[in-house]
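What follows is a single chain, given as structure tokens, in the form predicted on its own.
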Amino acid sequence: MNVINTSVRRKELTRLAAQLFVQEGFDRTTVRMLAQEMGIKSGSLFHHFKDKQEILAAVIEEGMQNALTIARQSIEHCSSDPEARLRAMARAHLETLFTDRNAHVVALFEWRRLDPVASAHLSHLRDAYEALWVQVIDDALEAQLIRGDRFLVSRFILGALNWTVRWYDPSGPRTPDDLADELVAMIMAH
């Protein structure tokens, strides 16, 4: 299964589907609603996607690919200092959430709607992303910048970062970098 497709039109349709899934939820979004949002006939939708499940998988896969790319670039362009790497990952995560918000909201809240085949296919991307975080958290734990159980620390950090999609106002007084710095400051052992 490979739902990523380089077609510009398919990417645009995926973006529109993500927006609709966020507004209506996956279950309440019909094929007719998707086609209307995309400006095509219902039957034409199946020229680009096999079914609604494939659209969901495409939305999540594209968002996760982007998140992984941004995170890897952030780590590559960062010093080996554990604190700098922790800040870089937090900033990268927030950058991903705020530049590709709809895809990430869909991934966070609709992952459970994926069929088993799509879920298994996309799990490698989630696992690769989480592995980057585990490496950064392990380094921070070893340097005694943070304390606690690695599993709980990683869930706490990712949970806090992910929840910002619910309350953060990009036009407000705090930038995503400010937010990332504040989170890292809160979890660091003093």
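The first residue of the sequence shown is number 1, and the count goes up from there. Note that the structure is predicted; figures quoted are calculated from it, not measured. By rigid core we mean the largest C-alpha set that fits within 1.5 Å across both forms.
Note that the form predicted in complex with a further copy of the same chain isn't included here; everything after this is about it.
The closest heavy atom approach of Val8 to a further copy of the same chain in the model of the complex falls outside 4.5 Å. With a 4.5 Å cutoff on heavy atoms, Gly25 counts as touching a further copy of the same chain in the model of the complex. At the 4.5 Å threshold, heavy atoms of Val31 stay clear of a further copy of the same chain in the model of the complex, well away from it. In the model of the complex, Lys50 stays away from a further copy of the same chain, with no heavy atom inside 4.5 Å.
Although a further copy of the same chain is omitted here, in the model of the complex none of His77, Leu125 and Tyr129 has a heavy atom within 4.5 Å of it.
Here the chain stands by itself, but in the model of the complex one stretch of 84-92, 69-77, 116-124, 101-109, 101-109, has heavy atoms within 4.5 Å of a further copy of the same chain. Core-superposed comparison between this form and the one not shown: the CA of Glu24 exceeds or equals a 2 Å shift.
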